[in-house]
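Here we start with a single chain on its own, the form predicted alone, put down as structure tokens.
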Amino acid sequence: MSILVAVVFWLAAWGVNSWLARSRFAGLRAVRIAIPALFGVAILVLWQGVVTGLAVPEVILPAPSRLWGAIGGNLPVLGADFVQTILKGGLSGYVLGSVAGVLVAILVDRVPFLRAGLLPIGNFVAALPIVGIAPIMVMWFGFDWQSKAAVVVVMVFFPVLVNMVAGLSASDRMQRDLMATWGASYWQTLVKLRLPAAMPFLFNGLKIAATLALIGAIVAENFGSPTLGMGFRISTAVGQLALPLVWAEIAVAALAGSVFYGLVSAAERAVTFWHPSQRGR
């Protein structure tokens, strides 16, 4: 019975979303938010109905209601893990890596031979597996959040660097010649023309880095961590077969990542409102 109810709800949600997507209200911000929200609720209802109706063991896949109970029953633990992994390790590494990527990109643009020498090394380092970098960072910076932030810096730095270097070359040659005709210095041209033109590229790198930062901070905790943190909690809970707690940590991480990505996207819309990609949003 629960499976039938879930399937009916899924089909109804599908019909409503299809109607909203084709209606004259499709361009409204509220509708654009409602469509994915309804789709997400439909997935949860279908998940609950299938797991309950088929009596799927909790070790295989717990029901969403069980996950909600795990979240509510472990709020202090989840809160401490969130602060340790997301705010201390992930956010600090993200900020440091992004700022370093922008500054080095300006240096690469200013000193042309660095483009030929530094970028290939950057591509090489970016291809290094996190499971190889994390233990080294733990040995260098210790078991606390600093080593996780260092892993995030390595993961974030090169996507931001590559996108920023491309962005600094995005301004039109005629515009640069016009700035030179007006007697603008390199730094005046950089600030008034080239940096604004590079913003869409920079935000592409920042959005990619937003997801990499979260992944890097969580994975790095598997190679050495104090007795808190999302990666630490997931690995220990799996060993104890406490699967609802594992899924609760995953849900918090996914929600934090979505919010973080949304904040970066909102900043992008505010900064690059003039760009064609932002029209109609």
Partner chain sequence: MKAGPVLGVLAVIVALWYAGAVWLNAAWTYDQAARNGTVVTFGGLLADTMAQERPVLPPPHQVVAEVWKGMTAYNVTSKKSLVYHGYVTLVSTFSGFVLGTLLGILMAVGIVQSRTLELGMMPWAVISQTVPVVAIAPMIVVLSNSLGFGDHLGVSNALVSKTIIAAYLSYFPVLVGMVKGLRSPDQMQLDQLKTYNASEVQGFFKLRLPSSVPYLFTSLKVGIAASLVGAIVGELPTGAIEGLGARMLIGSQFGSPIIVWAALFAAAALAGVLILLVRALETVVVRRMGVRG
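Residue numbers count along the first chain shown, from 1. Since the structure is predicted, the reported quantities are computational estimates derived from the model, not experimental observations.
Keep in mind that the form predicted together with the partner chain is missing from the display, and what follows is about it.
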Query raised in the report: in the predicted complex, which of the listed residues (G132, P76, G72, G142) lies with a heavy atom within 4.5 Å of the partner chain?
Result: G132
Query raised in the report: Is the gap between G40 and the partner chain in the predicted complex 4.5 Å or less for some heavy atom pair?
Result: yes
Query raised in the report: So, in the predicted complex, is L118 in contact with the partner chain at a 4.5 angstroms heavy atom limit?
Result: yes
Query raised in the report: At the 4.5 Å heavy atom threshold, is V238 in contact with the partner chain in the predicted complex?
Result: yes
Query raised in the report: Applying a 4.5 Å heavy atom distance criterion, does A21 contact the partner chain in the predicted complex?
Result: yes
Requested in this report: Output the sequence-ordered list of residues from 71-88 with at least one heavy atom within 4.5 Å of the partner chain in the predicted complex.
Outcome: none
